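Single chain ahead, by itself, as structure tokens, in the form predicted on its own.
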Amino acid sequence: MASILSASNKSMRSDGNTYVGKRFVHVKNPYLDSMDEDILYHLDLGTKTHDLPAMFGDVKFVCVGGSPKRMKAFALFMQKELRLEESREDIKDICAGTDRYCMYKIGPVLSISHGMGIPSISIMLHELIKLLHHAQCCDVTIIRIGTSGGIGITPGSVVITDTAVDSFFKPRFEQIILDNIVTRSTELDKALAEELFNYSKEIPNFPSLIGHTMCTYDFYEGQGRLDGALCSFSREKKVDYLKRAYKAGIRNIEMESTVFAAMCRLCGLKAAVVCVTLLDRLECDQINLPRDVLEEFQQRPQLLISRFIKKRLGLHDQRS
């Protein structure tokens, strides 16, 4: 544990080398400083009820994903990969007092679920970013790992996102705030994406690529599916739309990346999105692979992020 913490307290560049100076997590809300207490309601944490710097001050890597079960599995996987001494039974859900999200801390790694869709991940990110700020964390890298639908690529391929785009193929996140439409950039850290892609090449039988990810507000009609309770378009229009998306550089579709990219960018967090594809949407709409194949596919982003974290901590060569 000591070697992990000492390594994680160094400031790191995207190429793995150290540099002088710290990159703190910023909040863009002038009203927070005047609050006597900040209650992170959906995480069951607070600035008066918990010593956030003591609990989270050493966090350097935050991994978020939709499923509570999957993020617990990732935490257990990282516990093994980082060779920590705690038993598997000792892993505890820090957010056990709420049924909205789960959170596990493994050394300098935080594993958190965010639910499904932009509203759910947005709520989690507001409170997570405030948590990292209150805990005085610095040089934090945050990565969304998950599943997605591919466009024109083989199922099981891992897409490392360079830019998150909306349903019009634009690199933006539009949000209604009061009665205004606010538009924010969704550019992700390209050096981080390249670093992850380079590490993916070291993993045998690991198809990966860098591409745009389209984020939608819906799983069915919003993604051009023909199998929902409602369908207001033809098969031909669906195929034409997805082909235009492919020509625009989009290689997968999910439902969280635009708000994730926008919020992390504004708050000084280096961010990446790494999602495996479970089907090619040009071929079908329903996920019909055997369960064991799906489980293996879903582990692929975890394998890559584990390799990335161990490389950053200087542990990967030791295990090899």
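Start at 1 and count along the sequence shown; that's the residue number. Since we're looking at a predicted model, the values are computed, not measured.
Only in words, not in the display: the form predicted in complex with a further copy of the same chain, which the text now covers.
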> Which among 195-203, 210-218, 151-159, 246-254 is in contact with a further copy of the same chain in the predicted complex, heavy atoms within 4.5 angstroms?
Replying inline: 210-218
> Just one of A272, C267, L52, V59 has a heavy atom within 4.5 angstroms of a further copy of the same chain in the predicted complex, so which one?
Replying inline: C267
> According to a 4.5 angstroms non-hydrogen atom cut-off, is K237 in contact with a further copy of the same chain in the predicted complex?
Replying inline: yes
> Taking 4.5 angstroms as the cut-off for heavy atoms, does S120 touch a further copy of the same chain in the predicted complex?
Replying inline: yes
>> With the partner left out here, check for me: in the predicted complex, does some heavy atom of T183 sit within 4.5 Å of a further copy of the same chain?
In response: no
> Heavy atom to heavy atom, is H126 within 4.5 Å of a further copy of the same chain in the predicted complex?
Replying inline: yes
> Taking D38, M116 and I287 as the candidate spot, are all three within 4.5 angstroms of a further copy of the same chain in the predicted complex by heavy atoms?
Replying inline: yes
> Of 50-83, which residues get within 4.5 Å of a further copy of the same chain in the predicted complex if you count heavy atoms?
Replying inline: G66, S67, P68, K69, R70
